[in-house]
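Read the single chain below, which is given as structure tokens and is the form predicted on its own.
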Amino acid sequence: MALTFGDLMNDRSGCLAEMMEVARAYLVDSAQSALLRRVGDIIDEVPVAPCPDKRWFQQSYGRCVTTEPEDLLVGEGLFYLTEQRKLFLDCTGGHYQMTWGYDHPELTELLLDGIRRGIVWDNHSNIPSAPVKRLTAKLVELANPGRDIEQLQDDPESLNTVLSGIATGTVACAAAMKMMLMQHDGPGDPVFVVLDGNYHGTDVFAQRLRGMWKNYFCNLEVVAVQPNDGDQLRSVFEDRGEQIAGFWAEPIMMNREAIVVDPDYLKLARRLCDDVGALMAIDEIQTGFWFPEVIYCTRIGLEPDFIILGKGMTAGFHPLSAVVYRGKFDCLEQYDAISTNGNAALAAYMALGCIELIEREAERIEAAGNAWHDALVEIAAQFDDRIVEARGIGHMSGLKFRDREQCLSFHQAAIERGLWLRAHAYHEGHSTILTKFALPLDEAVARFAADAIRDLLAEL
């Protein structure tokens, strides 16, 4: 008996299937200009159908919302329709990982092409398939712009080694943390220096770096410093010296209101690490694959010891992460840092497609990102009584509000208007709305979103 949508989704009447088919056809067949005119509307052309509820979810993920939630039904490009048939403009790339939006046609065809060619979904990491091997080579190329890749393997100082058998950024960060600990031979307990507001994953070690589980750790110290405070950073390195095992940073802190870490600050950290024998890790789970250079470190001329990549690598097809690092630190055994997703060959194939699209459209991506950030800078100046400043770079940009409650009110109004964006206002002092538009962002969409934000601010 064949598997069917109706059986799997308990939709034997076919109502949900019809709803999804009509909704997808609406998004695919409508011109972008027509969709923009209807953002925030209920699309009556789509039939109503019962959808599964969330009664079995954990509370923090919506257990309490079981009737008429605005959950996603179908998506296309930068737009999606909810189960309540409301049309949204997604200003955050899914949840920061949908590099090319929903169902990019070339990536969809690439996926089908890979299946037709026999690329497996996953396999044991001992027998990696061609896409996985090609992806590791490509990541080394990207991390070493301008260098002949054939000369890199014998250079242990270069970023010439890739840990690829991992699915999530959490596991990738944990692997780099382990390598730092294994390399550390300084006096006393190892010290990790991190930026206050960091987010390097969800396992216990990563959460310890952001202040959690203090009572359960011994023989390890975490020192949090304020981003861009060079004097404080120098003081910490002078005080702890060779105790410091590693320095960690996200170059754009999307989990701390889109603060951009100054490249000069990061280069200072690089020099200080070298002075005391500490290692430097740059967490590019957010920034990687969102700029024309693919790897943000190369954009700012920074060469850390570890670059952690994830999230946008496969444009949302499948979780896939990697650590690119200097060969001389290759000290982990095979099962010291893996995930049970093995090598994810088909996901690696999709990652190669994502990278190719970025390289092909690099000039347009740069222009669109700059235009979007410039628009937010203009909005911040226009509404300086409510907005402190525009933050971020390019597609990854936000607005810092002067008042937390106004930020939350704006966020609610934006959702009602059909703009899906994020609000960072759950920690003391946080009051920023965040965007991370998928890379197909163009002038028309940016102009529409900027005008909608102006209108909402004027109504506050």
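Fair warning: this is a prediction, and the values are worked out from it, not measured in the lab. Note that residue numbering begins at 1 and tracks the sequence as displayed.
The protein also exists as the form predicted together with a small molecule; that form is not presented, and the subsequent description refers to it.
K.L.:
Can you pick out, from Gln243, Thr168, Ser129, Ser158, the residue that has a heavy atom within 4.5 Å of the small molecule in the predicted complex?
P.N.:
Result of the distance check: Thr168.
K.L.:
State the residue from Glu250, Asp305, Asp90, Glu257 whose non-hydrogen atoms include one within 4.5 Å of the small molecule in the predicted complex.
P.N.:
When the small molecule is considered in the predicted complex, the option within 4.5 Å is Glu250.
K.L.:
Does at least one non-hydrogen atom of Thr314 fall within 4.5 angstroms of the small molecule in the predicted complex?
P.N.:
No, Thr314 stays farther than 4.5 Å from the small molecule in the predicted complex.
K.L.:
Within a 4.5 Å heavy atom cut-off, is Ile285 in contact with the small molecule in the predicted complex?
P.N.:
It does: once the small molecule is placed as it appears in the predicted complex, Ile285 has a heavy atom within 4.5 Å of it.
K.L.:
Indicate whether Gly201 is a 4.5 Å heavy atom neighbour of the small molecule in the predicted complex.
P.N.:
Looking in the predicted complex, residue contacts with the small molecule include Gly201, since a heavy atom lies within 4.5 Å.
K.L.:
Does the 4.5 Å heavy atom contact test between Cys173 and the small molecule in the predicted complex come out positive?
P.N.:
Close contact exists here: in the predicted complex, Cys173 approaches the small molecule to within 4.5 Å, heavy atoms only.
K.L.:
Pick from 111 to 119, 193 to 201, 327 to 335, 291 to 299: which stretch has a heavy atom within 4.5 Å of the small molecule in the predicted complex?
P.N.:
In short, 193 to 201.
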